[in-house]
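Shown here is one chain on its own, the form predicted on its own, set out as structure tokens.
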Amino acid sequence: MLRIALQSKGRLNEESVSLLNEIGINIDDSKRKFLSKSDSFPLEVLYLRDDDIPQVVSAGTAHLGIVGLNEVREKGFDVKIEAPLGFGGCRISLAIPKAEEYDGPQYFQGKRIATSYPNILRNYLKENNIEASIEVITGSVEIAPAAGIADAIFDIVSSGGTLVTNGLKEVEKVFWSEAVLISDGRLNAEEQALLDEILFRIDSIKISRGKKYVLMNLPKESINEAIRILPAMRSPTVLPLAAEGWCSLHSVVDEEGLWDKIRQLKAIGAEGILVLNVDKIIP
């Protein structure tokens, strides 16, 4: 059996549990305990603070973990990144009071910068030959300039609304993060087989994102033009209809630009176009 560490609460917890459920690993989050077992896969879930997950996985207390890449890089523990998961996206940026003039990274020379990510910040400053004082704050970093604790901040940014509320502006995007699946890198053969199955299922979910299943009826003479407009992952399926001179075309396509493609298909005689969501695509 594998043990996976998940964030105990918040958006990353919800999206992690949702992903596990989506790949057939059922977790009853309504009756959550510190340690819970799945009833559909040999996996148990350990709920922790997000910044504890890299350490726990590195120590082997949990075989796997889902955590932000920012925490992996900041903590520096010896873990293996098995897969990016495509959710929990954010960035860590430098921000300064909005009234300040900014002329590039050298602005921070000699400044005090408040952050909860001193190691990532330290690397950035070193790469840019900047000498600055790092003020480590574990919460409410955005208030540091107004409180006189620091001249600038280095913190997670999603929409940027919190910065605006606190009279700050983002000036340097330094580190991009998303949720990742990590392991301790020391799995035995049985454990690795379980991890491989999890990765296989995750791949099927990731491939299906942004895809739509499209089917339509159209005149036979329009098939080649329809295939040009609507290329499939490998090749579309074409089936004859009972009506003479007509066929049905089925294809899985990218959602981007789909409405323009539908307009082109209508122009060559396509009818009864159905667009369906794709749950999973098995590679």
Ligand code: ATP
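Numbering starts at 1 and follows the sequence shown. Owing to the predicted nature of the structure, the values given are computational and were not obtained by experimental measurement.
Here the subject shifts to the form predicted together with this ligand, a form of this protein not shown in this document.
Undergrad: Does every residue of Lys9, Arg49 and Ile156 put a non-hydrogen atom within 4.5 angstroms of this ligand in the predicted bound form?
TA: Spot residues vs this ligand: full contact, yes.
Undergrad: Please tell me which of Ser93, Ser177, Thr115, Ser183 lies within 4.5 Å of this ligand in the predicted bound form, judged by heavy atoms.
TA: Answer to the contact question: Ser177.
Undergrad: At 4.5 Å between heavy atoms, is Gly86 in contact with this ligand in the predicted bound form?
TA: No.
Undergrad: Is there a heavy atom of Pro54 no more than 4.5 Å from a heavy atom of this ligand in the predicted bound form?
TA: Pro54: no contact with this ligand in the predicted bound form.
Undergrad: So in the predicted bound form, does Asn70 come within 4.5 Å of this ligand, heavy atom to heavy atom?
TA: Yes, contact at 4.5 Å.
Undergrad: Hey, of 205-213, 98-106, 166-174, 70-78, which bit sits against this ligand in the predicted bound form at 4.5 Å between non-hydrogen atoms?
TA: Partner-contacting stretch among the options: 70-78.
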